[in-house]
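One chain is shown next in structure tokens, namely the form predicted alone.
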Amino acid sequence: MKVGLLGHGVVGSGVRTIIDEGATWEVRELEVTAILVKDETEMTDPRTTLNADDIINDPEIQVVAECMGGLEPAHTYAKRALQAGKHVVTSNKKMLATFCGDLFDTARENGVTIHYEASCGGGIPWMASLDRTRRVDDIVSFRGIFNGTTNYILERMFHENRDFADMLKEAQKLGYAEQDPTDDIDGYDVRYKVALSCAKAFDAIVDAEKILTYGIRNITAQDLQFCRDSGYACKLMGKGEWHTDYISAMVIPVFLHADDVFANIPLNFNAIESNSKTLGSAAFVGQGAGSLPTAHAVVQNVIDIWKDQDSEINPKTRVPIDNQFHQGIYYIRTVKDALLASITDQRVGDHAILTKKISVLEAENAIRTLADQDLFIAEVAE
């Protein structure tokens, strides 16, 4: 099976390496025949091209692996490949979460498929596990640590009493965080992955921007000291829950009990769990990013296509996000804590409170009125 690569960066070069090395008989059935690169400085392989048409219009290429990143031209190239009757595999969570409805419809109209294992969980077979579970069971919810960068920062801060700014710089130095870390530390990366998990787990197309999202940008040593003293660990969690007519979905730091399976996930690892009636909880732990782990997931999808496995795209339905019935206790730190008296259960430090058990929307509405750019909020496990 001939494969065309769109992009030859961290992930794309990993895909090329795995297929070229051909470690298994399945991989040896694949061949990368064309590679789209950004400019002439990247044309170090005879298969490289600067023209996407060389891949999209090549009748011998059956699968296009989109590893470019960003919204455009990745979306346009992926759509054109589907319209040309080629299967598409993508690692681009932001692009797919933004345009999934359009691309799923285009794939179905042209009798091809779009696969996205690598877009969520890196090397963890998360999407494959959802497919397998759903052959027997309806999935009712999922939760997880979807971002290794934030997990690394929180782990180091928690165990070493380090400052957020120092840990972010170290994560950037190690290549775990981008120079512009906004998507990671503000929770947007997890938001895209939650949206794609909803598509796979619930056959639901959701508006990613409607997913309630809080990050860790403002977390301080004071917040983590409360965690330690109270027997908690802090993790940035993504969650989704099916309610037939709507989906509850959010991204939020959570203070987890020490015996929770997610409380002890180390450094830059990801861990994700699905819940269904007969299987119960099924959790997966592994590398959530990196060239070869993510490329491994891309190649797995290409092999799925070659073997004609997971070849049908189930019809997707647009489902609204509604968090009004999600209730919890929330830790909120803000210099304007006196204005939260109506939802405060107890004070737990300088300008920090625990709320009564309230809906997450009540908490959101309360803190929105404060307009405090340094505010930090976390859900507290009961």
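Just count from 1 along the sequence shown to find any residue number. Everything numeric here is computed off the predicted structure, so don't read it as measured data.
What comes next is about the form predicted in complex with a small molecule, which does not appear here.
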With the partner removed from view, which of 194 to 202, 286 to 294, 249 to 257, 230 to 238 is the stretch that lies within 4.5 Å of the small molecule in the model of the complex, judged by heavy atom distances?
286 to 294
Would you please decide whether Val206 lies within 4.5 angstroms of the small molecule in the model of the complex, comparing each non-hydrogen atom pair?
no
Residue-level contact is defined here as any heavy atom of the residue lying within 4.5 Å of the small molecule in the model of the complex; does Thr149 satisfy this criterion?
yes
Answer yes if any heavy atom of His115 is within 4.5 Å of a heavy atom of the small molecule in the model of the complex; otherwise answer no.
no
Contact test in the model of the complex: His87 vs the small molecule, heavy atoms, 4.5 Å
no
Which of Glu178, Glu170, Asp137, Asp105 has a heavy atom within 4.5 Å of the small molecule in the model of the complex?
Glu178
